[in-house]
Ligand code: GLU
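Shown below, as structure tokens, is a lone chain in the form predicted alone; questions about how it binds or moves come after it.
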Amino acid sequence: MARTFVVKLGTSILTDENLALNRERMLEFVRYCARARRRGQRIVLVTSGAIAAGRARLGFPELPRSVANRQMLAAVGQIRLIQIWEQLFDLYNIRVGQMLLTRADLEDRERFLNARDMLRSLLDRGVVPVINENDAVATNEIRVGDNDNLSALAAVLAGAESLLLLTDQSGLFNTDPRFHPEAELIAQVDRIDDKIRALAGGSVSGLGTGGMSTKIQAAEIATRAGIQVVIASGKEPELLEKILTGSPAGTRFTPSASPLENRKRWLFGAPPAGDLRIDAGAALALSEKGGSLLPKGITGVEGNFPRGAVVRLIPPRRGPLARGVTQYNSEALSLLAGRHSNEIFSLIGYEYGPVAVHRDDLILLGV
């Protein structure tokens, strides 16, 4: 399977000295992404710059720093930003698809699954997803807060192997390089602890919402999910090529030694919303063959729950065998129980895939 890389580009590296989008530098990044695709790699782009693009588009107006004005600038700039990315990728005959996300899309389990399915569908069809936070509608309550953390969540959504945070610094240093010329770059971090967090400083440029501290937060999210993270300079676009081809650059954060278990602890922290009774054949497929749960193997549905809920999977004459995240709600599963996957659409009028609980969203209990 092709390796998936999430590349996050901050405002400070996408803008020039006039604080307008730097098309030449953006084109360099697109060129290296095109090369990666020719090598069979899949790219997800998390881009900042909507507010900067909006400010430039409106002639750099002097505006009060209100939420409404920032949202207005984002609304104007997001159109311009995606337009430029589309034009540049078009030079290499690469299609892009836009995803605008808020925290609400990622905290609500059903919306999280919908975003995950859509993102992976774009990748499966050779489209480069271009992701940004939906600043035009987001309030403090629903904002992710910065595109560093958004990129980490995007990497989890995409099932990526690597997250590349390209910023206005060369990586993580043992002291602040802005004030200490003798500061040394830390090439590799195997564990993020309080000492590493204490090394994080603010943004050099002051243009973006995130600094090194948010990059450390993003690295912590991603590495716990088994995703390698690299923080490197985006002022040198050629470093993207080095990283994508496996050469050392910036600071590398190694992924957790047991990522799947850690990820599933996160997925299955909520109490079960219901039970799915399954037959002996389904139990055997789950416990010994590494399979997913198909509707055919369900014999009963207990509880009233939405798509994306955590449920227990219970075989005949024993306690729960597994816990899993459902692809369908309880009403739909009641109609699908005991039926073949190719009947899903005809029975309920829509389809989220052939399985009731995917193997990747399932953990066996005491097996």
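In this text, residue numbers run from 1 along the sequence as written. Predicted model only: the values in this text are computed from it and were never measured.
The next section is about a form of this same protein that is not shown, the form predicted together with the named molecule.
Across the options 23-31, 333-341, 44-52, 311-319, residues that bring heavy atoms within 4.5 Å of the named molecule in the model of the complex belong to 44-52. The partner is absent here; in the model of the complex, the one residue of 167, 132, 223, 251 having a heavy atom within 4.5 Å of the named molecule is 132.
When contacts are judged by a 4.5 Å heavy atom cut-off, residue 147 counts as touching the named molecule in the model of the complex.
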